[in-house]
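Here we start with a single chain on its own, the form predicted on its own, put down as C-alpha cells.
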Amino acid sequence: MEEVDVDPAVTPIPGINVARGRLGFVWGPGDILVYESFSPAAAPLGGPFCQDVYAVRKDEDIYSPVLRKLFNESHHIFVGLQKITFDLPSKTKKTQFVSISKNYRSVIRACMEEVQKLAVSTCESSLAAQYGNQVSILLAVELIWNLCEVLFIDAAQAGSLLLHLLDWVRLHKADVDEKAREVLQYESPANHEAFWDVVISFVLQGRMDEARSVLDKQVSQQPAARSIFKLMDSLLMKMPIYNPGSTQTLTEFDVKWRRWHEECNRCLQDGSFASNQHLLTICKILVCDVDTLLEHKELLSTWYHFLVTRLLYSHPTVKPIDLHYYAQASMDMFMDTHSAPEPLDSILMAAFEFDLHQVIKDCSIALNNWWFVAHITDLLDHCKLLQSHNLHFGSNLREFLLLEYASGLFTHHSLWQLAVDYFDHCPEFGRVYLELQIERVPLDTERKALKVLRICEQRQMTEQVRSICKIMAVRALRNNRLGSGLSWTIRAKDAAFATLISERFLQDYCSKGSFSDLDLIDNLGPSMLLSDRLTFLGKYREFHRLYGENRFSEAAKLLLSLMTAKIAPQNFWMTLLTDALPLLEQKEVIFSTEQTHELMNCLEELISVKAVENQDHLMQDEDVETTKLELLRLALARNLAMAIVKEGTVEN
C-alpha cells in the first residue's frame, strides 16, 4: 500500500479564492485549519491578512448522529471478537466468525434502514440528498461485506458457493418482492403490466417456487394454453437444487442437473413454447442463453447479478478458484465497452479474484471513513487470512487500520471512549497512540476528568494520571475550590502543588478563622505525608479537633511538637502561639515546666526573626503585635510558675 493509485480528492472550500492569495493551514488531531493568506505586497490596504478560518474534517461521518449507532453497536461486536480464544477447534471458530460477520451486517442493515426513514421523512432537499448518499454508501458496504463473508470467512466450496451467491443477490435485489406484492394485490394479476417482469425476475434469481406461484395466476386466464404452462411448471419444479446437508454427492447432483438441463434444451429445440413468447423467454433463460439474459439487463440491473444467474443455469457446481474467470467475462459482456468500471465494480472484482489486499486497498480509497476497512480487516485477520500482509513501518495491516479508525473516534466528544478498546487491542502501537490521544481529550467537567482518569489508572499510565490530576487541581485552585484542588493534588502525588494548596488553606484559615472542607482534611490519612506543609495542615486540624473535644493535654503536646519539629512554617508560629494562649489560661496546668520553656524559646526565636525582618521598615499593626507578645509572655510566665509549684508539690 505504499504507492498511490489515484489522485487525492479535491475538497472545495466556499469563500476561498486560491488565485487571489495563498492557503495557510495547521494540522490538528482530527481537523485541518485552513485560512487564506497574503504576501505583504498583495495584502489589502489597512485590512487584515486573514478574515476567516475554516475547519476541514477528514472524517465527517464520525459527527453524524445517525451513524453513531453503527459505531456503538459495532464496538460491542469488536470487543466480543477479541475474546475468542485461538485454541478452539477450527470448525467451532469458523462458526463463530460467520456469526460475528452476520452481526456486523445486521448492524449495517439496521443503520441503513434508519437513514432511509430519515431520507423519506425530511422536507429539506439538501438533507434528503445527504441521507440518500449515506444510504448508497451503506448499501455498498453491506454488499461488499456480504461477499467477503461468502468467499473468505465462510469459504463456501463448490455446490454451496452458488447457494450463498444466490442469497447474496436476493438480499441486495429486494425490489422484486415489492413489485410481486403490487402485482398479486391487483384485481387481475395476470393482466398487470409488470406480471411477466415479476415471473422472469424470480427465475433470474432461481426462486422457482415463487415463479410457479405467480405463473399459476396466468393459467386461469388462458385455459387453451394449459398444457404448455403445465410443462413449464414441471421444468421449474424439477430443477435440481444442491443440498449440502443431504447424502447426495456433488457428482450425483451434477449428473441430475445435466439431465434436467438437457430436458430444457429439448423443449427449446422442439418448439414446445413457440406459441407463447414469454414462456419461450423463460425456457431460454433456463438453458442460459446469454443473448436472452442480456436482453433483460433492466431486471438484472448489475453485472454480478448477471454472473450469478449465468452460473445458476450453466455451471452450478462452480469452484471458488474458477469464479474470477466467470466474473470477468460477465462484467465484459454486461457493461458497455465505453464505460469505465465504478469503484464498487473494481472492489467486487478484486473479491472474486480472491485478492483481499486489493479489496481493502480499494475500499480505503473509495469509502469516506475507516469503519469498514478496520472491522473487516480485523475479522479477516482473526480468520488467519491476512498473515502475509505486513507493512514496512512496523505494524501489520490490521493494526494500522484500527489505529486510523480509533484516532478518528478520538476527535469526537463522546465516541472517544470507544476508541480506547480499539487501542487496547493493538499490541504494537496501541499503547503509544492511547497515551498521545488521551492527553488531547478536553476535560470539560469533573465527571469527564474522572472517566479519563479511570481509563489511565486501569492501564497504569502514570504520567497521564499525574497530568490530568494537575490540570484539574490548577483549575480548582483558580476557582478557589481548595478541597477539590487538594483532592486532585493528592491523586497526582505532586508534593510541590500539595504545599501550595496547603498554604492556601492556612491563609484561608487566617483570614476566616475556620477551615473549609473539614471532611477532606480530617480524612487525609497517609496522604498527608506527601509534603511537610500538608502534614502540618493535617496535624494542625487534628489539634483543633482535640481542643474541641476538651482533650487539652493531647492538644498541647501536638501543638508543641508542630513548633519544635519545625514542621510549621515560621510565619505561622505567631498563630500557633496565639492558639496556645487558651491552654495557658486554663485553671489546670496543661504545659509542664519543660514544655513551657520550649514555648518560651520558640517565642524568643520568633521575636528575633521579626526584628531582623523589620529593621528597615516599620512593623505593620505594631500595636497589635506588641499586645500579643506581652500577653504571651505574661501567660507563659504565669504557667511556668504554676507548673513549678505543681511539679514541686509532694502529694500525700
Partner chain sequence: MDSINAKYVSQKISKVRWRPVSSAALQQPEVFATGSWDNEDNKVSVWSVGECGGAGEDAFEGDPQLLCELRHAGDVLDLQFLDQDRIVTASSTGAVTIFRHHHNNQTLSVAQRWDKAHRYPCDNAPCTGVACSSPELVSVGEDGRVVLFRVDQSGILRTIDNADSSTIHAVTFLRTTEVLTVNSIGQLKLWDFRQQGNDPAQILSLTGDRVPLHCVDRHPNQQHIVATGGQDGMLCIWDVRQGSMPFSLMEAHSAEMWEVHFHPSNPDHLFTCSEDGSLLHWETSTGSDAPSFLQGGRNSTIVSRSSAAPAGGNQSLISAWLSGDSTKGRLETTHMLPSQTLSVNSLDVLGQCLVCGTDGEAIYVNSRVPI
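Residue numbers count along the first chain shown, from 1. Not measured: the values here are computed from a predicted model.
This protein has a second form, the form predicted together with its partner chain, left out of what is shown; the following refers to that one.
Q: Flag residue 445 as yes or no: does it have a non-hydrogen atom within 4.5 angstroms of any non-hydrogen atom of its partner chain in the predicted complex?
A: Output for residue 445 is yes: heavy atoms within 4.5 Å of its partner chain.
Q: Tell me, yes or no, whether residue 69 is in contact with its partner chain in the predicted complex, where a contact means a heavy atom of each within 4.5 Å.
A: So residue 69 counts as contacting its partner chain.
Q) Within a 4.5 Å heavy atom cut-off, is residue 416 in contact with its partner chain in the predicted complex? A) Residue 416: yes, in contact with its partner chain in the predicted complex.
Q.
How about residue 320 - does it come within 4.5 Å of its partner chain in the predicted complex, if we only consider non-hydrogen atoms?
A. No - in the predicted complex, heavy atoms of residue 320 and its partner chain never come within 4.5 Å of each other.
Q: Please pick, from 425, 491, 557, 93, the one residue with any non-hydrogen atom lying within 4.5 angstroms of its partner chain in the predicted complex.
A: Looking at the other structure, the residue within range turns out to be 491.
Q) Quick one: of 210, 73, 508, 289, which gets a non-hydrogen atom within 4.5 angstroms of its partner chain in the predicted complex? A) Comparing distances to its partner chain in the predicted complex, the residue within 4.5 Å is 73.
(Q) Can you tell me which of 557-565, 73-81, 375-383, 270-278 lies within 4.5 Å of its partner chain in the predicted complex, counting heavy atoms only? (A) In short, 73-81.
Q. Can you name the residues of 447-463 that have a heavy atom within 4.5 Å of its partner chain in the predicted complex?
A. 447, 448, 450, 451, 454, in sequence order.
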